[in-house]
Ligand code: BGC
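One chain comes next, on its own, written as structure tokens: the form predicted on its own.
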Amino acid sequence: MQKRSMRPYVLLVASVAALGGLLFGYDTGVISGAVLFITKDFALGTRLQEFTISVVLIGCILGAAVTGWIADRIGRRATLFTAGIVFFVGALLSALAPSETVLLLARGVVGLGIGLSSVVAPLYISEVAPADVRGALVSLYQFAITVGILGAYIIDYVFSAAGEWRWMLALGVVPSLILIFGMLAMPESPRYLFKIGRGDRARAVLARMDTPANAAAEEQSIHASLAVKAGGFEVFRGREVRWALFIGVALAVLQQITGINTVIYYGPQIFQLAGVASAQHSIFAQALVGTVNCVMTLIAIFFVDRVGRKPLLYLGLSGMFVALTALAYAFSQSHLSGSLSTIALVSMMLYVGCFAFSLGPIVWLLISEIFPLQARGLGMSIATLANWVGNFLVSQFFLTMLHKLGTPGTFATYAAICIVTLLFIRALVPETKRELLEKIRVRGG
């Protein structure tokens, strides 16, 4: 009975922290529709279109690079609170931007907030969650991302008839305010509290999160982890920690270079290539894809702690490969022109749906699990930094790839990377289902 009564509180804490993912999703998804109208208002060429979308990722890279250091000094809770403030400022400036230059600077500020939250939100959730539901609760972060993306697509569609891109960007202030005020009532991570010598407060948080027996086991494993005194980059001298860093960075990059953000950022343009005539109709098609993205993430939430991380990854990557191969084939066949838009829509739904229950949530989950406590903040920061670099490269050069390789060649390349990713996971990634966070070990090499 005691454990059951605590679940709503655990869910509340994880849900408020996951709002960082909702902001992440909204601010990255909203630009896919807004850029169609920004391009007209500011007369942007191809390179400036790409940079308008990808400049936010420069901010993400900078934010991710410093978040581990910040979170280890001011705490996980205060870092998430700061991310909410940065989001608010960036969204407001974006909506009021009088020129492309100001808009680019404002989108960079938004990116800084995304970079902060993308490291600290899954880190915070993984450190407060009981082991038996940690996968589901960290997956809430990815679910919030998909809700944010879907919300952005719906807002884009509502305002697309009048081309009101400023309202599309402005509405990002709403979830940022919820995150700011929500984090004021949330506890600090018990692991961070033990780390800074606030044992009494840490035990009180653990007592609200789990049963006394489980809380005691958690405390014992945390103290054992803290017995390793190395800090900063010294923690990566150990072979096991270096291997964890390699796996974390590789997973973070592979998640991006399988091409997911070509669909998130450039979905309307892809649909227009497939024959969808109007901007409004292409944004509507993108909203359908966003709905699939949101709904399919629930599979990860329900099953990741039951069947494990790796089985979901195998299934998802196989489906992504099939979908990307179908897209490449469809775009290579001129006689399919009449039904190309239907094939593109179905394939993109399959691709995004498979990503949504596998690589999407599980990569964030794994990089929050595989590092020991002393290396967790910095390790997640480096892995997330690599994720954003991969994201930037994919978004910055997608249109260029279409011009150089052609549409079929571009999607075939992403399909091949899905196979590489599947083989990497099979060979090197550990199964972390239901393990105490400090007892997870990475072995290899």
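Don't overthink the numbering: it's just position in the shown sequence, from 1. Note that the structure is a prediction, hence the values are computed from the model and not measured.
The same protein also exists as the form predicted in complex with beta-D-glucopyranose; that form is not shown, yet it is the one meant from here on.
K.L.:
Where does beta-D-glucopyranose sit in the predicted bound form: which of 145-153, 84-92, 371-379, 302-310, heavy atoms within 4.5 Å?
P.N.:
Heavy-atom contact with the partner occurs in 145-153.
K.L.:
So which of 347, 189, 225, 256 reaches within 4.5 angstroms of beta-D-glucopyranose in the predicted bound form, heavy atom to heavy atom?
P.N.:
Filtering the options by heavy-atom distance leaves 256.
K.L.:
Report the residue, out of 293, 126, 282, 176, that has at least one non-hydrogen atom within 4.5 angstroms of beta-D-glucopyranose in the predicted bound form.
P.N.:
The residue in contact is 293.
K.L.:
Check residue 261 for me: does it contact beta-D-glucopyranose in the predicted bound form (non-hydrogen atoms, 4.5 angstroms)?
P.N.:
Residue 261: contacts beta-D-glucopyranose in the predicted bound form.
K.L.:
Contact with beta-D-glucopyranose in the predicted bound form for residue 364, defined as at least one heavy atom pair within 4.5 Å: yes or no?
P.N.:
Looking in the predicted bound form, residue contacts with beta-D-glucopyranose include residue 364, since a heavy atom lies within 4.5 Å.
K.L.:
For residue 355, is any heavy atom within 4.5 Å of beta-D-glucopyranose in the predicted bound form, or not?
P.N.:
Result yes; residue 355 sits at the interface with beta-D-glucopyranose in the predicted bound form.
K.L.:
Indicate whether residue 387 is a 4.5 Å heavy atom neighbour of beta-D-glucopyranose in the predicted bound form.
P.N.:
Flag for residue 387 set to yes.
K.L.:
May I ask you to list the residues of 11-39 that have any heavy atom within 4.5 angstroms of beta-D-glucopyranose in the predicted bound form, in sequence order?
P.N.:
Counting only heavy atoms within 4.5 Å of beta-D-glucopyranose in the predicted bound form, the single contacting residue of 11-39 is 24.
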